[in-house]
Each structure stands twice: as C-alpha cells, then as structure tokens.
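Take a look at this single chain in structure tokens; it is the form predicted alone.
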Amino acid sequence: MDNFMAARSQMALSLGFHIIFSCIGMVMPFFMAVSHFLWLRTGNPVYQNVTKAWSKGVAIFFATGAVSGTVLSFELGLLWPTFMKHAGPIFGMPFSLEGTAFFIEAIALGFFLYGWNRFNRWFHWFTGVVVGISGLTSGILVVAANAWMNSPAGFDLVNGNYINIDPIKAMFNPAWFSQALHMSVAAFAATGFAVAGVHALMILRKQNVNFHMRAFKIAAIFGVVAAILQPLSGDISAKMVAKRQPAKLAAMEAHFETKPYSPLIIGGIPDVKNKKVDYAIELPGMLSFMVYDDFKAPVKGLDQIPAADQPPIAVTHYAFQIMVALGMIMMGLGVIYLIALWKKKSWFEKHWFLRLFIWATPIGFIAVEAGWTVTEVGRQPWIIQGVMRTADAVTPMPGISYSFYLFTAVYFTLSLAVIFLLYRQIKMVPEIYDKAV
C-alpha cells in the first residue's frame, strides 16, 4: 500500500467510524428529551427510566465521538497538509463554530446527567434539549465544511493564490443546505431504526416489555418520519449534485452517454470498458425528469467528462444503489408502522412486526456509510472540486501505511468498548431502570 492509498484508507476508516458515533450523538438527545417531556407531563415513571437509560447511551457516544472527532481533526493536518494550508483559512469558520457547539453540548450534558433532583424539573429538561440542538448544530457545521469541498466558494484563485477570501460565503456555499438537510434527516432515520430495533428485540424476548415498548415507539416514530421525508431531501441533494458535480451524478447513475430522455438506472453492473450497464432496469426519461423536470432534457454523461476527471464509476454506482435501496426499505417499513399506529395497533405485539424492525436495525447506518462513500468517492479525483486534486494534497511523509494499521486497531478496540458498554446498559435495565414496572 503506497502512501496515497494509505492516507485515503485511514481517512475513510476514521470517517466511517466517526459518522456512526456522531449520528447517534446528534439524534439520541432528542429521543431522550421527548421521553423526559412525557414523564414531566404524565408522571409515568417508565418514561423517567427510559430517559435515564438513554442518557447513559448519549454519554457513551458523546465520549467516543469526541475521541474519533479529535483524531479526524489531527488527520486533516497530518495526512493532507497541502489541502489544509490553502483551505484552512477559507473553510475554517464552520470548524471553529463546531468547537463552540461541542463545548456547549458538553456543558449541557454535564448539567443533564448530574442535574436529577438538583435543578428545577423543566430547566433540567431544557438542558437535555440543548444537548440535542448543539449536537445537531455541530453536525450541520461539519457537513457545511464538507459541502465546501464539493462546491467551493468564498475565494478567488489567481495564479495559484487564494485571494478575496470570504469565510461566510464559504460556509454558506451553494451545497451546504442540501447536504446538511440530507445528512440530518439520514441521521434521524438511521438512529431511529437502530434504537427501535434494539428495543424490538427486547420486546420479542419479553424482557421488561412496558419499558421497551414505550422506548420503541419514541425511537420508531423519529425513524419513520425521517425515512418518509428522506426522498424529498434526496431529490434536493441530487439536483444540486447535477448542477455542481455532473461527473459525480454520471458515476452514481453509471450514465455513460449524454442524450435526451436520459434513463434512470436501477441496479446493474457497470461495464466501464464498453461503456454500458449490464443487467440493469432502465426507466427512459426518468433521470432527465428528476434532474430537470423535463423528460427530454439531456443529462450530462461520462462521455463529456475527461477520463482523468472521472470518479471510480463502479464503486460510486454500487454505493448509490445500496443507499437508495435501503432508504426505500426504511420508507416501506415506515408506512407499515404508520398503519399499525393508526389502524392495526395489535401489530405491535406480533412477532413478524417486531422482527421487521429487528432486521432493520443496521440498515440505516449501512445507508449512511454508502451515502458518504458516494459523497467522497464520487468527488474524486478532487479533494476540492475542480480546484485541487487529492493526489496533490497528500503528505510526502513516508510510513503512512503503518499509521493506517495502528488506527485500524484503535478503532476496532474502541468499537468493542462501545459494544460492551451498550450491552451492559441493556442488561442493567431490569436492575436499575425498570424497578417500578
């Protein structure tokens, strides 16, 4: 493994782990705030117990997210020094503001964890809301920085020099809203289904059913609503990609030829050499309609993009197909859940219904990982779209492969620690969190 591939692999590994920790850290405080609110309004101790149990999970993911996020911040400078030399002054503002949001989140979480029976009850609840808002804000700010890499703005490049820098314009670049919206909704969908799946498993095993059923319903409704809304945010995001990154869109769809009535490709195996897609379902004109609201409008294909500027087509296409397929599955499960909620309440006790959510536990995060693969791999060979190539930004320092192996071991160990702590939390429910039931 050469240094370039080792640096990319290490960054991919770090992002792959951090995105899971950060998604859960962004979203679970809102679950916690809802259950806390329900306890304050109803006085039902089960909701208080759910809140306390979830707050420990929030603390675990906050700590692990802080570790993995700190590693990422160092990696940007160590692995990509040329990139940070030029990009740091331009898109540094969202990272600075993210640090502020992080500290607010840490303070609020401390107040919440140790504020039971010490603060006014509604102020205590408010501190939990602040944890959620500041965590979500942190995520949006980081995504804004990534959106700048996909849609650079706020500077002029003259003779290799970056001048007329405008950090505000860079932060609120053309892609920030679509990416932030899509990522935020995805985080709620993935975390909602994952948390609901864990509680569904406990219900199926008939362990503390009342406790887990109430937790299941709170988590599931977040995941369901987000999954149903996700195609709308995806449409907004895809239209922005078509406008700002046509090579990425062409790779996502394995769209080799620019032509009217551009087809939407479902599935298939891209044959890059012969510029075709085998075994795919083609819907003529649908890609044109989805991008331009016009069935006849030609969508720019890979035939109009120089080979040196094309991303890896197969990886981008497969990742996009996985993301969309899993998103549609979650949306279908969302419809089933809403039917159960409004018309078929007996389904909540059916084994087949609970098993659907148990099987769906990981698919939201698989979709998130696939989506980030599309975002990052689809931007290649650029680290800053159209401005700086990834190969020109990597560190000249030797021995990066050893760093990659080391961090692989670190993240694997960290994951085992998180799994152990979460498993222990679940096993402690009957002894600590569900005594009153």
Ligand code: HEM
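Just so it is clear, the model here is predicted, and its values are computed rather than measured. Numbering starts at 1 and runs along the sequence shown.
This protein has a second form, the form predicted together with this ligand, left out of what is shown; the following refers to that one.
S.K.: Examine Asn120 and determine whether its closest non-hydrogen atom to this ligand in the model of the complex is within 4.5 angstroms.
M.R.: Result no; Asn120 lies far from this ligand in the model of the complex.
S.K.: Considering only heavy atoms, tell me if Ile383 and this ligand come within 4.5 Å of each other in the model of the complex.
M.R.: Yes.
S.K.: Would Val142 show up as a contact with this ligand in the model of the complex if we use heavy atoms at 4.5 Å?
M.R.: Val142: yes, in contact with this ligand in the model of the complex.
S.K.: Although this ligand is absent from this view, report whether Gly128 comes within 4.5 Å of it in the model of the complex, heavy atoms only.
M.R.: Looking in the model of the complex, residue contacts with this ligand do not include Gly128, since no heavy atom lies within 4.5 Å.
S.K.: Of Asn173, Asn146, Asn208, Ser288, which one comes within 4.5 Å of this ligand in the model of the complex, counting heavy atoms only?
M.R.: For this set of options, the contacting one is Asn146.
S.K.: Consider the chain as shown here, without its partner, and state which of Tyr318, Phe216, Phe102, Phe353 has a heavy atom within 4.5 Å of this ligand in the model of the complex.
M.R.: If I apply the 4.5 Å criterion carefully, the residue I get is Phe102.
S.K.: Looking at 198-206, 295-303, 274-282, 68-76, which lies within 4.5 angstroms of this ligand in the model of the complex, counting heavy atoms?
M.R.: Stretch 68-76 is the one.
S.K.: Which residues in 223-246 have a heavy atom within 4.5 Å of this ligand in the model of the complex?
M.R.: Contacting residues: none.
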